[in-house]
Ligand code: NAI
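Quick heads-up: it's one chain on its own, the form predicted on its own, in structure tokens.
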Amino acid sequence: MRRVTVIGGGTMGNGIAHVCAQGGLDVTLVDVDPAALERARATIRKNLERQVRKGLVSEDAVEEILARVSAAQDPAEGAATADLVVEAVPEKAELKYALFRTLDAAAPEGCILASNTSSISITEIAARTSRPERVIGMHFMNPVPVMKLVEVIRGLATSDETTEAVMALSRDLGKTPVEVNDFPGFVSNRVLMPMINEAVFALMEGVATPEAIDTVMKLGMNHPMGPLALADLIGLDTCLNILEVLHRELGDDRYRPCPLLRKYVAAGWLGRKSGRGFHPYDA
């Protein structure tokens, strides 16, 4: 795989484009919003410069890596010559289903179609295509340039060949791939989201302040970041979407989103990206 198309210029999309270009691949980053593409390129440059300061990337390599990233606004155009397409659009099932129909029609026959979904069924996404054996989950962690894990999710029809190719590519990108089967929330969010949700319930019920809840988990459980600060980093709207998928698909009320989480999302308090979540942030 030499040519990768990433659909979505947001936090996850620009991070995936970054690591693919840094790994020597030619990348087309697609977003319908030209302003989002400009922001994505600026973010990739900023993160590369941070890597330079840390001694992880040479200063001469920055422009070379950026030169491997081209931009497009049409997903079909971006997928037309790709060996691999990685979808990183918002966590809405119908949006992903429609996108995969478009990608399936536009991408070459041998192209692998991957989703960065954090909770939606790969089997159901694959069913919208004529190549379910070449559809797979490739769930990167945020921030993508830093985090080592890639959750590789096999749908019901995903072939061994597709799985092996994606596992190998993940290793080539300096990541550690872990193969899991298709189930709501997979492993990462099935374990993580109930913890975040319970922390929000503790806040709503007045058990402690956000600072106190996060400090208990950091110092008492040796977590690098407290659950409320982590929710702010992920995005409270994304957390809510994932919990809704878990609640609906598993039918278990332990995944019922906390009303306070719904209230914050309704208010537009989405975490770091909006300047306010469970903690305040600089705009």
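Fair warning: this is a prediction, and the values are worked out from it, not measured in the lab. All residue numbers refer to positions in the sequence shown, first residue = 1.
Not pictured, yet referred to below: the form predicted in complex with this ligand.
* To do: Answer yes or no: in the model of the complex, does this ligand come within 4.5 Å of a heavy atom in every one of R45, E64 and P145?
  => Not a single listed residue reaches this ligand in the model of the complex, so no.
* Contact residue in the model of the complex, from M195, A157, L95, M167 (heavy atom within 4.5 Å of this ligand) -> Contact with this ligand in the model of the complex is made by L95 alone.
* Asked: Which single stretch, out of 26 to 34, 216 to 224, 53 to 61, 243 to 251, brings residue heavy atoms within 4.5 Å of this ligand in the model of the complex?
  -> Stretch 26 to 34 is the one.
* To do: Give a yes or no for K273: in the model of the complex, does one of its heavy atoms lie within 4.5 Å of a heavy atom belonging to this ligand?
  => Taking the distances in the model of the complex, the answer for K273 is yes, it comes within 4.5 Å of this ligand.
* 4.5 Å heavy atom contact, V200 and this ligand in the model of the complex -> V200 lies outside the contact set for this ligand.
* Asked: With a 4.5 Å heavy atom cut-off, would you call I122 a contact of this ligand in the model of the complex?
  -> I122: no, not in contact with this ligand in the model of the complex.
* Contact flag, T11 vs this ligand in the model of the complex, heavy atom cut 4.5 Å -> Answer yes; at least one heavy atom of T11 falls within 4.5 Å of this ligand in the model of the complex.
* Residues within stretch 67 to 90 having a non-hydrogen atom within 4.5 Å of this ligand in the model of the complex -> Result: P75, A88, V89, P90.
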